Each structure stands twice: as C-alpha cells, then as structure tokens.
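Two versions of one and the same chain are coming, encoded as structure tokens; call them structure 1 and structure 2.
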Structure 1
Amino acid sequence: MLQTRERPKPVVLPAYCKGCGRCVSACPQHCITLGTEINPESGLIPVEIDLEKCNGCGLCFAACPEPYGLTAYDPLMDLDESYLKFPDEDSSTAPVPQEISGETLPLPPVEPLMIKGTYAAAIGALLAGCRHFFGYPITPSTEGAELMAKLLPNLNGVFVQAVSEVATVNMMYGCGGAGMPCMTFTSSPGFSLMLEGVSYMIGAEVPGVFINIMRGGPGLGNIGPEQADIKLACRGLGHGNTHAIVLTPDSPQEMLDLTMLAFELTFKYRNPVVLLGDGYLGQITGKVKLPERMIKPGIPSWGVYGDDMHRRNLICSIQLSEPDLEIHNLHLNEKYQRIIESEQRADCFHCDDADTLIIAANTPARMAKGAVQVLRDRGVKAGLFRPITLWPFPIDILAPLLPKLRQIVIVEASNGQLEDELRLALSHAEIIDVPPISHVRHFGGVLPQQQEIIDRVLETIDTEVTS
C-alpha cells in the first residue's frame, strides 16, 4: 500500500529567531520574509513564514543557525507559546554519572631494586596505575620519560612525545579530564612552559602528576641540580588562584613512594600534584623497595570519558558570570584549606632534643643529614627538619620544635626560595618568636656540601658563645 509521509514544514519560534534572514534566501518558494515587528522578549525582529506555498523542502532548517529557531510544524502545537518550555525535563538525556571504582592488587614479593631516581619515579607511576605519559624531552629529566617509553607499550599504555611542553600539559588536561591517571617528566624551563595549562587544570579540577627534575636557571641556565622552581611550584602555578601539593623527595625510594602518593592525592583532591626533584636526585642510584600493592584505576564519576555513563560531564575552567567564578574560587579555597589541614608532611631527624635545626629538602637534605650526624658526634644538638610537602609547608610539625631552638640554618640549592616558604609559613601561623635564621645557599648547579653546613652551624654557635 502506498504510504505518503508529509515532510515537516517550519514554524518560527519568534523569541528564538534573531532575524538573520539566512532562511529567507534559502527558501526556493520564497515563503519567508524578513519581519517588521520587534519581538518584545528578544528585542530582535524575527522572520515571518507563510506556509501556503511551502513544500517542506527543509532547506530553511539547514540554513538556520539557531538550534531552536525553526521547528517542525505540529498541528497540536500551541503557537501562542512564543518559546519552548521543558519545565519538568532534565536538560540532558544522559544518566547521572557514576564512579567505576578501581582496585588495589597485591604485588608479588620481590627483591629491592637498585635504580636511579627518575626510574624510581617512573616505576612509582606505573604502580600507581598510570598508563598514559605525555612529555617533551628535557635534561635532566629524560631518563624517566625514556623508561616510560620503553615500558608503557608492553603494558598497553600510551607514550606520546608532544610537540612541546605546552602541548604536553594540554594532552594531560584531556587525558586527566577523561579521568585517567597521567603524568609527565620535565625540568625547569619545560615546567615554566606548562604553567598556563597547569592553571587550566587547577581551574577545571583535572588531576595530573608533574615530576620536575629541577635544573639551574634562570633562562637556559644549565643542567646541574638546583632547587630553582620552589617559588614557581608553591606560589606561581600560572595565572589566577592556584595551588597544588608540592612533594620533595630526597632519595630514589622516596621518588617512588612520593610519586605513588602524588597519584593518590591528585585524584583525592582533583588537583594537579607537583613533585620536585633536583638533577642529583634524578641521577642518584639507590636501593628501592617496591610496595606490597599496586593500583588498577577506575573511572571517576566526573570524568569526560566518552561513554554513556559520563556523557553529562564537563571539564571547563571558564565561568562567565562573576558571582559564579567567585563561588568557584571559594570552592577552590575550601579545597586548599583542606589540603593545608590534612596534607602537611615532614621528616624529622634527631629533632626531638635539637637546639640547632637545619631545614633542607631534596638532595641538600642528604648533605644536611650527614652534617647532623657529624655534629651530633661532636656533641652539638643538631637536627634536620625535612619538609616532604613544600606546599602546604609543614608548619604544624615544625611549630612545636621552635621553642627549644637556638638557631635555624636553611640549606638549599636556590637563592632562598625554601627560606621564603618557611618565612611565609611562620608569618601565616603568626609565629613571632623565631630563633635566628641563617643559611647555606648555592645555585647554578652547585650543591651545598656537608662540611660547609657543619662550619656554618659551628660558626653561629661560636658567635653566640663569644657574644
């Protein structure tokens, strides 16, 4: 039996028509004309359609830039309604997103590895469930990336060498936005280039782990070990109201452990995590024990994964309305506050009875540790306070040690960036009664040496005695 199916004819919804007239020239039957009456709701002049000659060719629909400007005529339609209303309907047809949970899997017991710091971090990432790496080669971080390039294909993972650090961080934005654990290895100049993207990740609440094996700066500087990016990582993660947890390992073992922790924290807070190493730490080989368990990640409820369960999601850092952006910043502030309260970490070596406290992180902390041991052997009550998080600075752990101190010596391979973090933390905590602070600083790839730390401590004590 012959069936006839009428092709839909257009109805203009006057409030949604901006009167551009594209449909006017599109209509071969000349049914549509530019209007003359201003629509009171839109303030624009919608087109007018005379359906008498309309043969339903549909060309006007294809010409209309507005999704709801022209709609198919339905005899049951209330044409007095000037615009569509879906009062009880959800805007999306997608289900409410759910988390697909991950799991932890037991790792077979194995002997400790003897590996360098960058390798330890790469292996830590694999154990934390990272199967996606994006990066751009830069000395002295490349060996970590090279190990990932070697291992990931064997684990059905993906290694992408991006066209630049700018592209790298945006690939992480996409992959992390999909809810997958991803990372990069970089070094100071490369980290600088990534910061725009880091700000976007923080704004859009995208996880990702940045391992920055810091080198000498400014500019091209050199490839020697420096702690030149403490300021960037703690205070300068791109534009806007940004913070990220900053971890500072001091051994290959911690390069692995803290990389695993970084992945945990980056998802816990939906915020990037920065792990700062230095050139020495990247190269030093040491004993590394593997953990008892590894992670198989799931898909978080918020991920834009590209499946039905997560279709409703949006990864986005733009908030056009000022009140909305303020609310978003307050939300970020609340998150930063939770991090400050929960995530301070430090390692205390002979701190309990110390009257001389050395504060150092990364490789300089190793030199300082050696110095503390020598000073103890000589009867000086020295201790090492080693921040493991630089942001948040572990001030709550440091504060109880302060009353006993006669002096603080800050040892760092930078121009005082660690000392600045300490002083800011003291200030924010409103700690006024602080012992004299002196420092041992080197930069340009030169590391503080154990002997000069010892000398500085003794010199200050001698001065005290003399005066």
Structure 2
Amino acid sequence: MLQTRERPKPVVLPAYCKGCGRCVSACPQHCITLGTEINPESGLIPVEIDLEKCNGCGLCFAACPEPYGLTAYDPLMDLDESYLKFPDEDSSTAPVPQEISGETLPLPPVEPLMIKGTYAAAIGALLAGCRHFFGYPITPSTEGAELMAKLLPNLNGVFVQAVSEVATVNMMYGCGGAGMPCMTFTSSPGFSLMLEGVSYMIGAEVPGVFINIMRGGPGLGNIGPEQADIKLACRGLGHGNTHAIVLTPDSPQEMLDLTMLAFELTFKYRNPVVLLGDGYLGQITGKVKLPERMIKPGIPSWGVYGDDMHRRNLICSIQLSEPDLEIHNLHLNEKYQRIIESEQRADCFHCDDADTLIIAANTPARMAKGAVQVLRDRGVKAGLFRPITLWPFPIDILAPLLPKLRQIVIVEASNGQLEDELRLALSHAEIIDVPPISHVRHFGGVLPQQQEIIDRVLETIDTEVTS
C-alpha cells in the first residue's frame, strides 16, 4: 500500500526564536502559543507548538522573520539533535573567505604643506586608504570633517554627516565590519556620546579611527584646549572590558603621521584606535611633509563585505552565555596584553643624562620642550619624556630613566589625568622606588606656560638645596 507523505510540521529552535508572536497570529489552527520559559542561550521566551493540532499548512514559516526560528520537521524522517541546530561553518556552501591584499603606492615628491592640525589628520586618513567618513560637526574639530567632505567625492569616497554622534559610531560599526577603513572627527562632548558604540566595536573586534580634538569641560564647556578626556580614552571607553590604543600627537606633522599609524594599528588588532589632540593642536598651522607612499586598502578575510567570497562571515558582539562571554573576554585580554608589549611609544628629548624629567603630551609638550631648552642653558639637566601612546603608557621606555632622576614634573591641561596614567603604569610595573613627583596643571582651556614650568622645576631644586 502506498504510504501518504504528510506535510512537514514546524519545530521551534529555541535559541533562535525571539517570541515575536507573528507565527501565533498566522496559525489558523491556534496550535502555536506564546511561551512561558526563558531560553538561557538567547535570554528570550520562544513560542510553544502543539503538533497534535497542526495540519502542516506552513503559514507559520512564511510569518517567521527569524531564519531558523522555525524549521520544518518531516514525520517520516528521523529527528536527531543535529536537526535542531543552526547550520555550522563546515556545512556552509559559501567559499572560505580569503584576504584581498592591499597595496602600497608611491607618492610623487611634493613641497611641504602649511596646514592646520585637523587638515593634516584628514590628509593622513586619505593617504592611509580611508574613503569612508561619518561624523557630526563639533568645534574645534569641524574643519577636518569639512576637508573630507570636499575631497572624498572626488576620490569615489563616502562622506556622511550623521544626525548625531550616536548615529555616527553605529555607521562606523557597519563600515568597519565590512572591512573598510573609516573614521570620524569629534570633540569631547561628542566623543562621550559615541562610547556605547565604541564598546560594541571593541566587543565585535571592528576597526575604526576616532580623532578627538579635546576641548574644555565638563559639560558643554568651551572650545579651548584641554586634556581632560585622557581618563575617558584610557579608562572609560564605554561599558565592559574595553581598551584601545590612544595616540597623542604634538604637532600638525604628527597629526598626519599618527593618523596613518592609527589606521595601520586598527586593522592589525581589529580594534578601534583613538587619536587625542587638543583644541589648540587641531587649529594651529604648521609645516607638514607628506610621506613617500600611500595605501590602497584590500579586504580582510573576516570582513562582512557583501560579496560571495565573504558571505559566510559574521560580525557580532553578543555572547549571552556566561562561559562563552568569559572566553571572549579572555581572548580580548590576550590581545590587550600583546598591545601593551608591542605598541608602547614615546619621544625622549635630552633624557639620557637628565636628573629632572618633565612628562607632557600634546600642546603642553611644546611648552615643556621650550622649558627644557632654557633649563639646559641654565645648567639644569632637564629632559622631556613625551608619551606618544597614553594607552598603553610607555612604562618600559620610562623605567630605565628613573634611577638617575631627582624629580619628575608632570605638565598637563587637566586635573592629574596624565599623572594618574603614569602612577597606574608604575604600580602595574611594580616600580616602587620613584623620585618625587610634582606637577603644573591648568584647566578649562588654559594651557601651562613655559615660564611656570621653569619656575616649578627651579623651585623644587631650590627646596632640595635648602633642606
């Protein structure tokens, strides 16, 4: 006797059902109901099905918006546990993603440019292969965005003025997830709004370059130069276990050079990179020499680019299982440790024989460098230690200098945020024997001046002599 084949009936895959209820509304037999128990893998409540009432009409399949939320079960087939699982990578018919390598192209020699810091960073981004910009105007960084808006259309690039900083960072998530170099210019309040998205990018290991031209705060503050976002960039990049390389230029030339480096590092580690300038550095004009080469980017093997080659890729920061999320955090911690060991950078000026060391970054480092030169002329063995990476703080470069020092003077436009990074790095390195640390600080857009740095150093030396 010929066996009649029944129509396939639905089976819920609990980990993929969102419990939206569309299948409940679509079912004419009323055999699908909203569930009552939370699925531990998804944190959601999947629907429940009474197959005794089901006639296999298939309307629920058409109504389900979630791939694999419902799957078809043929009663004449054996239902094993693998039937309820999402297809794994090995079962995919998509090709194995391959990296499409980028190219390094020569640039013709040109005369140096006289440009402001934000323009230099924009040009550095273009030379690093960035053709996608997302941003929202905010002084004192807007000129960089304006230059990108002028140049990118002529380079087959994309410039999007987002409706907000929150929208900006999520656009960067999508672009970086496709494996494309992307960036934004912002300033302190705008950077604060981006931090949730930065955390998502770090969790999903998505590259992107954030240029934050710091201004006075807190709150709306003013458009003067300040360095009070150091704690935000080094210790507060959104929720969770987040770190990113933080670069601190001190000239328009370094705005270009370190922006190009930022794009290299963001793809090397699949992690956002932050370039911290200050309001003055973003606006001053200086001589900038272009490099000899530029980058034509490729497509990384992991990118969700949208082509056939990369269609099996997935970018995601969601790990709802506690053990899985811990494993992911351990993976991130290993990456952070590699960064700490490999990416510490600093510039040392007259540090070899220095017994007084001034530590400063960004524009205050320019005043500090002038102070060192004056102090040297007066017979004081002063040196300037300028951290180029604030995270990781270049403690391995600083440590050999410490035994010769009589004092350290921290110069900054914030209330000890740079000094905090120094002290934390000393603690992590278990360096106990540290010379006395003093400081010169200003706030609210006021910068330390050369003479007061000199006076602070001499005051400390006179106190030592008197005592």
Partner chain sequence: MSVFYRNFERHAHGAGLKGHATHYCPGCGHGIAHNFIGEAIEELEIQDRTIAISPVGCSVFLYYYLDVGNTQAAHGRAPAVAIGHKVANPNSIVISYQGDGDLASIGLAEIIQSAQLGIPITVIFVNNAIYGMTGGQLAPTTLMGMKTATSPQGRSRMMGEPLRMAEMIAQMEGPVYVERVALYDNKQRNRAKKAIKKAIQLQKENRGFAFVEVLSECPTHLKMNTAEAQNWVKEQMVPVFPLGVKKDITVEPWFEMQAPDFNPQKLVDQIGAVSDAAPKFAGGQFPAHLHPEDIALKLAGAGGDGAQTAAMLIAQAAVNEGFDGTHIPSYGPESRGGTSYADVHVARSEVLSPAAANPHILIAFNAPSLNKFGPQVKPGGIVLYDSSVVSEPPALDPEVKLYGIPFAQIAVDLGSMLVKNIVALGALQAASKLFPPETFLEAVRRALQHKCAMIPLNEAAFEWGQKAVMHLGDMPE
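Between two forms, the rigid core is defined as the largest C-alpha subset superposing within 1.5 Å. Residue positions are counted from 1 along structure 1's sequence. All values derive from a computational prediction rather than experimental measurement.
Panel number for the form predicted in complex with the partner chain
Number 1 is right.
Is the C-alpha displacement of P448 equal to or greater than 2 Å between structures 1 and 2 once the rigid core has been superposed?
For P448, whose C-alpha is compared between structures 1 and 2 after core superposition, the shift is less than 2 Å.
Look at P28 and decide if its Cα position differs by 2 Å or more between structures 1 and 2 after superposing on the rigid core.
Superposed on the core, P28 moves its C-alpha 2 Å or more between structures 1 and 2.
Comparing between structures 1 and 2 on the rigid core: C-alpha of S42 shifted by 2 Å or more?
Yes, the C-alpha moves 2 Å or more.
Where the core is superposed, what shift in Å does the CA of A15 undergo between structures 1 and 2?
A15 C-alpha displacement between structures 1 and 2, core-aligned: 14.2 Å.
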